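Shown below, as structure tokens, is a lone chain in the form predicted alone; questions about how it binds or moves come after it.
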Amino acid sequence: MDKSEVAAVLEEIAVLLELQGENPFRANAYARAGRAIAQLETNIADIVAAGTLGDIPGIGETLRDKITLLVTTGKLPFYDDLKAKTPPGWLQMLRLPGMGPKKVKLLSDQLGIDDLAKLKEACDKGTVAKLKGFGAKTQANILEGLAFLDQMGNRVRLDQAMMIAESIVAELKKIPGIHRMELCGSVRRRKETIRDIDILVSANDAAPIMDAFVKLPNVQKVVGHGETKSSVTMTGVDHNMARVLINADLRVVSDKQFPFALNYFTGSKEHNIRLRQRAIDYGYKLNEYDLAGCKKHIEEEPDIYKALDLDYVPPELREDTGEIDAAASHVLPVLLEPGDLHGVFHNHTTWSDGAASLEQMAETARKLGYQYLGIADHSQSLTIANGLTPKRVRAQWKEIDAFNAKQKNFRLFKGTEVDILADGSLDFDDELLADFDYVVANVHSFFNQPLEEMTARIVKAIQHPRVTMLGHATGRLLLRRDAYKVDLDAVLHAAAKAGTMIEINANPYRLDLDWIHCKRAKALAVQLVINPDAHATDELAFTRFGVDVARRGWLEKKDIFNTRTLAQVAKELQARR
């Protein structure tokens, strides 16, 4: 196992221990060890080989032995035993807003609840509300969360699906005989949430590949094992140590069939229908195995589009929202690439609720190739996130100034994630706001305001002359919390008029603005900015998911503010002040 996998196991052990009612100090020890391992700058295998695991703070003899076993064998009986005696329903209950291990354990001990169905039944009867530490409001929130999970179905976030999909691909690459391999379906199109993983392989002999696939380490259940298609249920742990279950399908075709199968199984269904109709118009027949009637040589997927006199349509655009007509007219956008970004602005440090210092965040940003990093810790009213008072803001500015004085070709910008209060006013006064390099305005409270009130609240903030950008515009948390009621079209029009940027929050829990409204923002000439909302150094890499959203929204380099260089950004931010 690598360091991220080891860290994931350790932090899941911490959750499982809490669910089992173990001593919280013991659980915290595993959580701390997981965080320490995740933040290592060296290879964990090298540390184990050198015998220096014990030099890492918080890792004693017991943890050292367990980590060594994980790294060298990929297995840990202690972890397997914990999972075996933890009802799967407990982990599902943790997906509900406000539901932590202590509450799950209490529900189990007091009411015998060990799955979502029993939890709903108890809430419907009013039993949960009577339990000490819960009450009617908590019960109502649980029912709302259960309804939301039911509505979303058996889906996982894109980052969770990618984590498992990439691990499958890495394992399959070890098998001889594979000519080509690609992820397909909604994963390839980079949808926000994913129902299942589709993997396509070309090979002469499918049998050994199928056998290896159904025996992969994280296969929980074999759903089907055929000659050219197999299906399994895979399990994994995401970066927040949440347990993930998702179905994965593997198809094996000949290398000649591969480009057609890749196109077909990528989808979407609507895009495929349009493409097949165009093939019919040309006298051909397109399916997952062939472009029958076409004499042109087709070796790669782009050759299919070329044979139909179309520019190649990137997978992210294949939703039948005009991409076929644009490809026929040769006016498809040149989509944003991850390397086009030169920095990000919405990030947190230990000054508020972040896990890393200014210097640590800056060093990681520099390693990612960024020229600048914006620090936007929370404002004072968000006490739960250790929001900064004006006095602490000025102290942070001194630290940023001292850091910048030592830099060449890199800069930290002074920002704030300022709360938009219930009436649309901001959490800092205008005098303090005027001295920030930029201001990210966000809603963090009073989510239940009526649509007209919430819209007016956000529009008022957007119109404030010191607000640079609006962050996570709808407040949604994918698969956990729906968006608050807001007229996004009115918000976008207000942003266009005021010249205020709108954030694409790249945190995979949010992906907010969504791709549909990105297209609308582009049409209104609203400048967008991609931010990871990073609370730790590894979360700066979330930016990749924001780029996915931008690409699905037809966005180009010119549409995104942080494609500008350090000099250009500094000049623009100064002009806005």
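These numbers were taken from a predicted model, which means no experiment stands behind them. So that there is no doubt, residue numbering starts at 1 and follows the sequence shown.
Separately, the form predicted in complex with a small molecule exists; it is not shown, and the next lines address it.
- Look at 196-204, 79-87, 413-421, 503-511: in the predicted bound form, residues with non-hydrogen atoms within 4.5 angstroms of the small molecule sit in 196-204.
- Contact check for K137: no non-hydrogen atom falls within 4.5 Å of the small molecule in the predicted bound form.
- Mapping the unseen interface onto this chain, P314 falls outside it, with no heavy atom inside 4.5 Å of the small molecule in the predicted bound form.
- Within 4.5 Å of some heavy atom of the small molecule in the predicted bound form lies at least one heavy atom of K269.
- When contacts are judged by a 4.5 Å heavy atom cut-off, T364 does not count as touching the small molecule in the predicted bound form.
- When contacts are defined as a non-hydrogen atom within 4.5 Å, none of G343, Y370 and K558 contacts the small molecule in the predicted bound form.
- Residue in contact with the small molecule in the predicted bound form (any heavy atom within 4.5 Å), chosen from H472, R157, R189, H348: R189.
- Out of the listed residues Y284, F403, Y264, Y305, Y264 is the one that sits within 4.5 Å of the small molecule in the predicted bound form by at least one heavy atom.
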